[in-house]
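Here's a solo chain for you in structure tokens, the form predicted on its own.
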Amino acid sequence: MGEENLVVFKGTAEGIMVLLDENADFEEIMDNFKQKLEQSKAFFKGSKVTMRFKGRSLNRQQQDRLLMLLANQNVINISFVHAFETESSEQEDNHLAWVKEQLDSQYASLSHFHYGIVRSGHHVDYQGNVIVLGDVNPGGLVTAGGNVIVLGALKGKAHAGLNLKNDKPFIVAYTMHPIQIGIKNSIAQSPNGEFICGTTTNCPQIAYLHDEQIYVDQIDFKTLNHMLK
């Protein structure tokens, strides 16, 4: 497959199938994928699609990088990304090694606390949960293998559940004004830049996944009980 065809887009009844060259270096795949997205800008303008990757097995790190690229691009409005073809044994080994490292550490924790504002251009990432004690400004990005909790205003982008084994990942924010949120393989653009909560937007809200769709509700005991079951 020529270098210009390391990534091929094909339209299907389900959405867009992205064929990845099986033997090419992954960095070349990423570069070609970015080029193909830019070249397809006019074709996909205004459309909302689902996406499936085929052609090669991807480890956890490669999956995360593709999801991150999709989360930061402004070409295609992605509503859902189907499960990846995975190098299951390697993915499992990496996950178990990380958990063992956490449990053996003197400061073992499956949550990362970020103190202060996540400013534009700043990316906070952790394999467990991320708790931000401050705002996430437009242009700021928070990604987590587990849950994302923002004890402030979420005005940038957040993606929870990148570790697909997390059963019920969620995003919580005191004020939910995100540009975009993602949970597992689903991504949602906020209407008019904010999710309305009753008569005011200044109230704690939770974003969660149900039947592969992202929902945003005001936090109450019923919602929390559902998430914790």
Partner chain sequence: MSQVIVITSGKGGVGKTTTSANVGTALALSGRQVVLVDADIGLRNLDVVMGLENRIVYDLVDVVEGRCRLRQALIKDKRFDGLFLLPAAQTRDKSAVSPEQMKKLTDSLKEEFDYVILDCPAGIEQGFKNAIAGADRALVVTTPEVSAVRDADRIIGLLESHGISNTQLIINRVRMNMVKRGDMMAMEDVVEILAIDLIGVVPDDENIVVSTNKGEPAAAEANSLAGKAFRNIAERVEGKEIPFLDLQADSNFVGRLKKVFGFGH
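None of the values given here were measured: they were computed from a predicted structure. Positions refer to the first chain, counted from 1.
Another form, the form predicted in complex with the partner chain, is not on view; read the next lines as being about it.
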**Prompt:** Heavy atoms within 4.5 Å of the partner chain in the predicted bound form: which of the stretches 126-134, 113-121, 67-75, 142-150 has them?
**Reply:** 113-121
**Message:** Exactly one residue in L58, I187, I179, I29 has a non-hydrogen atom within 4.5 Å of the partner chain in the predicted bound form; which is it?
**Reply:** I179
**Residue contact check: K155 to the partner chain in the predicted bound form, 4.5 Å heavy atom** = yes
